[in-house]
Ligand code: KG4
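Shown next as structure tokens: one chain only, the form predicted alone.
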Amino acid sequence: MASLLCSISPTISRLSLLHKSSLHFIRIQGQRGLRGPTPPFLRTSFSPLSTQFSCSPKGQILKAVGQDEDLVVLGIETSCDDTAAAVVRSNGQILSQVVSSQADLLAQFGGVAPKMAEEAHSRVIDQVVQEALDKAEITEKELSAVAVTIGPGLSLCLRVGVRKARKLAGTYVLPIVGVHHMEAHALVARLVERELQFPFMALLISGGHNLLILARDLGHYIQLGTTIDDAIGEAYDKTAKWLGLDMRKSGGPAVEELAREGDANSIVFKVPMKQHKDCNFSYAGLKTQVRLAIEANNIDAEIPISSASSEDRRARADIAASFQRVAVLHLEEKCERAIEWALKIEPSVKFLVVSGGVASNQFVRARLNHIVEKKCLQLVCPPPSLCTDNGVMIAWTGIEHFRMGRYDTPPPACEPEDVVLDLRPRWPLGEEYAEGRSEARSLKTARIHPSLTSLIQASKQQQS
């Protein structure tokens, strides 16, 4: 058990969490003395058994640190509904990228069903990893390390990827890097834009997360804002489901496509959290407003958009466009304030990274680019294939940390099935900015705009 703790616990020290502890040191096996103290922002509280890092007994691993051309890392991602793997070289070359989508399951269940997602990951994980290696034209023995998402995410899904990574790392005596999923979304922009240096800002937007961070250094993040209930991606997914859209595209692309046909000012939805002068997000109330508007228009989600009448389709398009306008306006307002806060802390910030699944939305990119230009910053968005969950971002983040000597020893070659894995379904990224703490709570009842209230009342009168 002690050796297990030594192998999995050090990954917690890579990210600045809310804990504080005494100074810890990193010792490299085979080298005399200490590499140096862990920076204050990397310190955390964990078992004394895990206060040292030990490197792989493979000599080339120590040699590889600092010799980027020698680093080749396999990244594995199974945090939610896609099974992904990729092989990336530390010079930025993507040797392979493989993603197995669960689009059919999303369409069947109207969203992610954790148990079904776990089973789908288990069925394809071996094939996806092997395909990534084959496309990269390398073998496991040529890898420098394995990087894998350990959180945040669905624990059932995370477990599949971590088990595969540990089995492979143990068999081929490879060091392993546990990766924070949201950190990976931010850092993959450094693969795309090589001029992107710390400090920079990042807006991470996906189905499960809304996060505004100031990245001061690798592993050192300040959380400027987060979602207090539902993330924007969840709101897109629910809106798509309620409008009877094709969920095989996932909610975001489906709503964006339909919104192009609609009038974004036809329904006046209330912008969330206007009264809160912080950088936090809330989409629960907007979801309620959308649901009420759909009910008022007698839209039946059981009738797919492809079978809707022209009048019904127009009503759905207007709701989609009106929802998207307000959902993104909420992002704009919070981003503008967060940029002001970030520049107070780090005046040298020049970039805003926008990443995560929702960052693939062209309307989102265009609106945020307007805000960034107004603040004299540059917008960096990874290509859509690197915005959605993927193995490249995990491999690249593994490379970034591996360069700094932040990785764990190879697990045992024959690890028992009941081993306690280092999974972190809830894993904060960075310290919370004091000025950003909000007293707001999830809106139990949506504040409905008077025009929407009138629309609902008129609809009820017609029905009666």
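Predicted model only: the values in this text are computed from it and were never measured. Numbering starts at 1 and runs along the sequence shown.
Keep in mind that the form predicted in complex with the named molecule is not shown, yet the notes after this line are about it.
- Residue-level contacts in the model of the complex: of 316, 166, 287, 181, one residue has a heavy atom within 4.5 Å of the named molecule, and it is 181.
- Contact annotation: of the candidates 118, 234, 278, 333, the single residue with a non-hydrogen atom within 4.5 angstroms of the named molecule in the model of the complex is 234.
- Taking non-hydrogen atoms only, residue 252 approaches the named molecule to within 4.5 angstroms in the model of the complex.
- At a distance threshold of 4.5 angstroms between non-hydrogen atoms, residue 225 is out of contact with the named molecule in the model of the complex.
- In the model of the complex, the named molecule sits beyond 4.5 Å of every heavy atom of residue 230.
- The closest non-hydrogen atom of residue 388 lies within 4.5 Å of the named molecule in the model of the complex.
- The candidate stretches are 334-342, 252-260, 191-199, 140-148, and the one lying within 4.5 Å of the named molecule in the model of the complex by heavy atoms is 252-260.
- Although the named molecule is not shown here, in the model of the complex the stretch 196-216 places heavy atoms of 206, 207, 208 within 4.5 Å of it, in sequence order.
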